[in-house]
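Single chain ahead, by itself, as structure tokens, in the form predicted on its own.
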């Protein structure tokens, strides 16, 4: 059997690739940092390609990928992958949604704490030789309201930490049931209510056509004058121009941001000059544990896809996996055999299939 060729196109923890590297049925080819034609050439004969957030898989990247079956993202967001182009070519796009959950939740809460207690400003002041106790007073989180936009894996972990601070947690999440929310101590509410009642708002939704710009100028204006905005999800969720204006005018008290519309954040971006904003360079998944976890998670998913045909983790395919896949396996095998038989019995290509159900 010819080994499956897996191109690793980003820096991914080598020890996390164990599910693939330890099996002779896989050939690991590490080619991080490629772009354009070089990237297209590297994955032309690959069965799978693994990326993080640095390498962009575009339509052009896939133009020569005749064997590619899987694109694996060692992380959550797939906005750096042209999912539509992959789908058109029958290529599964898979991610690792669970591996960095704790890291992202902890950073979101760290950003909130840093902003309400002026940690970054106090650190800068101390390094300048000052002792500005009077100017650096903060506020407590105790009995304040945290508004979550999205209460999935990461949002729910942020909620758990907020409950430990005895905060009220109010969430907008159309996919979360009342029973599940109640079990987590979360109150569900419409987006507008969350924005108006929250002392701090934290974003935890993916970047899609539906969520892009979800916090525009109109919705930012709904926030309390003393509110804090935390975004450790995706930069495109917030209208940055409107946020800059809200911060400059004092319309809201502050922001704590880990993600931006353009990354790296331009040196002359207005955020950099705002003392009311705490900024970090997209560190949500940047822990040793998270990097190992997402590498293992995506390696196992790609292994299952190539060896077992289990594409249940694909973001661009119907969810069929586990026990259900095993039940369907005989039917899939039958369909394959019938297809081969038809290709032998008929002249030319098969252009139409009709099913007679009795």
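Numbering follows the first chain given and starts at 1. It should be emphasised that the depicted structure is a prediction, and the values quoted were computed from it without experimental measurement.
Below, we refer to the form predicted in complex with a small molecule, which is not included among the displayed structures.
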On the criterion of a non-hydrogen atom at 4.5 angstroms or closer, are 139, 162 and 229 all touching the small molecule in the predicted bound form?
no
Tell me, out of 251, 269, 282, 144, which residue has a non-hydrogen atom within 4.5 angstroms of the small molecule in the predicted bound form.
282
What is the one choice in 117, 224, 153, 89 with a heavy atom within 4.5 Å of the small molecule in the predicted bound form?
153
Pick from 270-278, 239-247, 255-263, 129-137: which stretch has a heavy atom within 4.5 Å of the small molecule in the predicted bound form?
255-263
Can any non-hydrogen atom of residue 206 be found within 4.5 angstroms of the small molecule in the predicted bound form?
yes
Residue 233 versus the small molecule, in the predicted bound form: is there a non-hydrogen atom within 4.5 Å?
yes
Against the small molecule in the predicted bound form, would residue 185 count as a contact residue? Criterion: heavy atoms within 4.5 Å.
no
Using 4.5 Å between non-hydrogen atoms, is residue 172 touching the small molecule in the predicted bound form?
yes
